[in-house]
Ligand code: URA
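Take a look at this one chain, the form predicted on its own, written out in structure tokens.
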């Protein structure tokens, strides 16, 4: 659906003129564009250097990310780091962020369990992601998981059918989608988890060849 050019969303109104990553992060700390700020500890903005070739985009921060204020530092983030290393990619040479910048959760006993963000929450947060892309101008954007892939490439996109492929997009010269590391952790047994991790690393190796 085309955006009304005369309408400025709450998130867009916070984006500073001539933004940098640091000014965007500072501005996003005050974002109340959707109701997730009420239950999230803090905004979890993207992290990485400005001059990088690859931007990874996940769904949303998890429990540890919400508490620390940094993306991809929980169990899925540690698996992600290991997979990057296995593929020959240094995380410090990438930028990592999420489609939604606040942790959406539901209580289960004493634990806070991830809950998938809805379309309104994703749309409300999209200006931040667009601003990150505009500042970084990555050569490759990698969507991690279905939520990120569909937010970037449209609701009809299916990671199961096109994972690891380079997709034509106006967002960056190359766009790829693969699974989110958290899905590997949810595998029903060790054998499946091992196979899923190997496939994930294979996707990242294909990425490594493209950026070299």
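Positions refer to the first chain, counted from 1. Nothing here was measured: the structure is a model prediction, and the numbers come from that model.
A second form of this protein, the form predicted in complex with uracil, is not displayed here; the remarks below concern that form.
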- prompt: in the predicted complex, do 61, 72 and 98 all put a heavy atom within 4.5 Å of uracil?
  reply: yes
task: Name the stretch: of 155 to 163, 63 to 71, 46 to 54, 169 to 177, exactly one has residues whose heavy atoms fall within 4.5 Å of uracil in the predicted complex.
output: 63 to 71
task: May I ask you to list the residues of 22 to 43 that have any heavy atom within 4.5 angstroms of uracil in the predicted complex, in sequence order?
output: none
